[in-house]
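Form predicted alone, single chain, as structure tokens, below.
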């Protein structure tokens, strides 16, 4: 690949992720509306929301660190997209494997903590402490899943993992080769997405929206964009590890939307868990299932 082609891919991959992520946000809202017997938002509502947020003039900045924190929150996922191979584009996937991606995916939470911490609002600080605790909870089973997938396929390179699965056909997909690890990963996705019942760090009825309490205008718009990237990243990563990736967008998009839809449907059924319940749940079932799956693949 020539340098020019690489630059084009590095520009297109986050752009595609953002557009698809908007569709996932819309799907999330409509699923919630269906379950709660509401009408739901119109098709272009996510775009309207972004325009509205960035168009507001009542934007208060708490200093340079506040600005940098939001840039880190969005930039972390932008960097993650360049490491996720998708149909027709591999970006930097050959230069950074799934281990690098796991570290990059921690940057948005750390950036959010940095930006909100600059606000010195107690509600924000409570929300951030809960968010970082939740990250510690879901990262343990997530790392176990990554280790198991890397062992089964003999590589941490996501492009090679996709190639191996596509060469072997559906029988070689990760969900067939290591079903327990696939189940543990699916349970962990609920925590990574930060949706119900693992949204304790926001808890609008309890701590006044937590980290978002000092965010308005372009800052809230940045967090909205981050959510689009977050949903897309989760769907693509799971599809890459367990569903054979995708040779064409026509087959790839249904996979990633289905992966994200499953946690979304669960989100509106269960009540919000407390922080200690989040840790207890994620360190119990996903970790137990992941360790059992590791024992099976390592035998």
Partner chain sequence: MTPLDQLLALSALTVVAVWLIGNRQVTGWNATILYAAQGVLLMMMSDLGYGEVQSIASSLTFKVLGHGLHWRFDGLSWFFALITIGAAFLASWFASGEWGQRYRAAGGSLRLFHVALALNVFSMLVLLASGDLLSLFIGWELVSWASFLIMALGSATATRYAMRYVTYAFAGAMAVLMALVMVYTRSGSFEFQDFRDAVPAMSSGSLWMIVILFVAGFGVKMALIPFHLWQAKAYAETPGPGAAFLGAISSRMGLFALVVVLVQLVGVERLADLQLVFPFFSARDLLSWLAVLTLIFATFTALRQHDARRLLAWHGIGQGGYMLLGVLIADDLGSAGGLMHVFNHATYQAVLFMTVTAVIHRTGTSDLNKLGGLVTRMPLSFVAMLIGIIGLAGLPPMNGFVSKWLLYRALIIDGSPLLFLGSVVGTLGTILSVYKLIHNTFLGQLRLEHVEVEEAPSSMIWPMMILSTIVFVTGYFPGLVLDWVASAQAAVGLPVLAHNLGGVPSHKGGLDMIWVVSVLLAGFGIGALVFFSGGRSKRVHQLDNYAGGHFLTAETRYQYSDNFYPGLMHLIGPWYRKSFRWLERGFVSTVDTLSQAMQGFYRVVHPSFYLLVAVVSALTWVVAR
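The shown structure was predicted, so the numbers you read here are calculated from the model rather than taken from an experiment. Residue numbers count along the first chain shown, from 1.
Another form exists, predicted in complex with the partner chain; not displayed. Remarks below refer to it.
Taking the partner from elsewhere, every residue among 71, 92 and 280 has a non-hydrogen atom within 4.5 angstroms of the partner chain in the predicted bound form. With the partner left out here, the partner chain still marks one of 230-238, 243-251, 269-277, 256-264 in the predicted bound form; by a 4.5 Å heavy atom cut-off that stretch is 269-277. The contact with the partner chain in the predicted bound form, taken as any heavy atom within 4.5 Å, belongs to 76 out of 76, 191, 85, 174. In the predicted bound form, the partner chain lies farther than 4.5 Å from every heavy atom of residue 170. Contact annotation for residue 136: at least one heavy atom lies within 4.5 Å of the partner chain in the predicted bound form. Under a 4.5 angstroms non-hydrogen atom cutoff, the partner chain in the predicted bound form lacks residue 166 among its neighbouring residues. Among residues of the shown chain, residue 198 is not one whose heavy atoms approach the partner chain to within 4.5 Å in the predicted bound form. Contacts of stretch 132-147 with the partner chain in the predicted bound form, defined by any heavy atom lying within 4.5 Å, are made by 132, 133, 135, 136, 139, 140, 143, 144, 147, listed in sequence order.
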